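Only one chain is shown below, in structure tokens, and it's the form predicted on its own.
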């Protein structure tokens, strides 16, 4: 016979842990935002320095050589950072199923009027049998992104993109479009 206080005790433990769970999730999201702000700043400094020195062609070369290195350097032990998109330029940034689903949800939210700056998702999931924190933050298309990602691309820029990324799909964007996302994976167990 099950004593009535046992289910009540379990319920109290579950309800009592909910604020801790929400607090842990909020803390992980805040940490992720901070990591990605630093990563975004580093990438933009390099891209805009290259752009000012050699235009979009130089920026593409800098992105090709440095973006992966900057992202890898920003990753910390147990935390993997990256970038992904539904329209890839670099095939190494292919979204996994979770990232794809979240970016598709971002597109729906944006279409319903949610501001791009607000598009983020953090959650705890079980992945590979381990508790894992996943986070995704939208990357918007700014006016200066259009030289390489817009609908009209200069011939010399087009040539450089084709040389470095022969299967490029990351074009046709307009200012304010969802261009991709920063992604974080942290295995917690």
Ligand code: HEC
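Being a predicted model, the structure only gives us computed values, none of them experimental. Residue numbers count along the first chain shown, from 1.
This next part talks about the form predicted together with the named molecule, which is not shown.
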Query raised in the report: Would residue 110 sit within 4.5 Å of the named molecule in the model of the complex, counting heavy atoms only?
Result: no
Query raised in the report: Looking at the partner-bound form in the model of the complex, is residue 87 within 4.5 Å of the named molecule by any heavy atom?
Result: yes
Requested in this report: Spell out, yes or no, whether the shortest heavy atom distance between residue 140 and the named molecule in the model of the complex is within 4.5 Å.
Outcome: yes
Query raised in the report: Is there a non-hydrogen atom of residue 59 within 4.5 angstroms of a non-hydrogen atom of the named molecule in the model of the complex?
Result: yes
Report task. Using heavy atoms and a 4.5 Å cut-off, decide whether 33, 106 and 186 all contact the named molecule in the model of the complex. Result -> no
Requested in this report: Taking only heavy atoms into account, state which residues of 143-158 are within 4.5 Å of the named molecule in the model of the complex, ordered by sequence.
Outcome: 144, 145, 148, 149
Report summary line: With a difference of at least 3 Å, the CA distance of residue 65 and residue 181 in the model of the complex shows the atoms closer
Query raised in the report: Out of closer and farther, which fits the Cα atoms of residue 182 and residue 66 in the model of the complex compared with this form, where the change is 3 Å or more?
Result: closer
